[in-house]
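Quick setup: one chain, the form predicted on its own, written in structure tokens, and binding and motion questions come after.
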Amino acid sequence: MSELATHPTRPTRRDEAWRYSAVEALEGVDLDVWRDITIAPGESWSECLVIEDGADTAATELRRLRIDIGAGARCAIFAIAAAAEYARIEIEVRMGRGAHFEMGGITVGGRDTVREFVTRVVHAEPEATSNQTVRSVHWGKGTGNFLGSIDVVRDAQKTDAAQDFKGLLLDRGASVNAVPQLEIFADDVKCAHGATVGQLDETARYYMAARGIPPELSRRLLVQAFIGDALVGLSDDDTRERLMRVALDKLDKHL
């Protein structure tokens, strides 16, 4: 996987991939620990990554995956970062001919926490497809980040790649940062990315209040609809409900 770079030395905010990170929280963290995953041609592989409150949750949670997807293989990752003072899920992917990569990610949090996804998807061969959907909901002084890079090499014709990021700020002190990047060297491709940040729809809240729905419940329902987009590609209903519950339980503590 020569196309994928590593960080042999401790990063600073001058490094693009660590631009909004809580780099001071990396003291004592081994940055050379990666999980290397190889998906054989024609095979399918999926995983859910969950950082949630628990007895074994550290102040800094760093998950780093390198994934090599073989020709015609499929990979799906659904992840939620809802705990730790600093949580980072970093995924680097190399795609073979006709492979598919699907990712749905959610960050939630308040106080002074930082929770982020950093992805790099390399379309190394023709006819591969990828789709990334990330939703961030933050309050207090919480920060949610998404840095997503799509690289299409010169021979990777017929690539179809997409990123979709949306951030929701529940308090004025919260922040959400999105840095979508495309680097395309092939000429017969379909690549798209979008990033928006906003607040709860006041019209919808007024509509729900007029029908007797309490403010706390209306906020919860609107957030549930907002983050649900990141889990559309998850076919297992029980797993989808579990990830949704992790996010909404974190929100309930704020309400």
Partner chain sequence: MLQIENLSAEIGGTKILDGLSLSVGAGEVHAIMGPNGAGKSTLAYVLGGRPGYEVTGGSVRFDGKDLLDMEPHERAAAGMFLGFQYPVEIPGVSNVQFLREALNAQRKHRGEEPLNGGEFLKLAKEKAALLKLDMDMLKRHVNVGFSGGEKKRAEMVQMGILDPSFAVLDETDSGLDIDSLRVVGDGINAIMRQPGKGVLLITHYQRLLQVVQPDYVHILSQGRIAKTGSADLANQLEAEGYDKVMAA
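Just so you know, these numbers come straight off a predicted model, no measurement behind them. Positions refer to the first chain, counted from 1.
Keep in mind that the form predicted in complex with its partner chain is missing from the display, and what follows is about it.
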Work out which of Thr196, Gln199, Ser44, Gln224 lies within 4.5 Å of its partner chain in the predicted complex, going by heavy atoms.
Gln224
Under a 4.5 angstroms heavy atom criterion, identify the one residue in Ala192, Val33, Ala210, Ala59 near its partner chain in the predicted complex.
Ala210
Exactly one stretch in 45-53, 61-69, 214-222, 23-31 has heavy atoms within 4.5 Å of its partner chain in the predicted complex; which is it?
214-222
Please run the contact check for Ala204 against its partner chain in the predicted complex: heavy atoms, 4.5 angstroms, yes or no?
yes
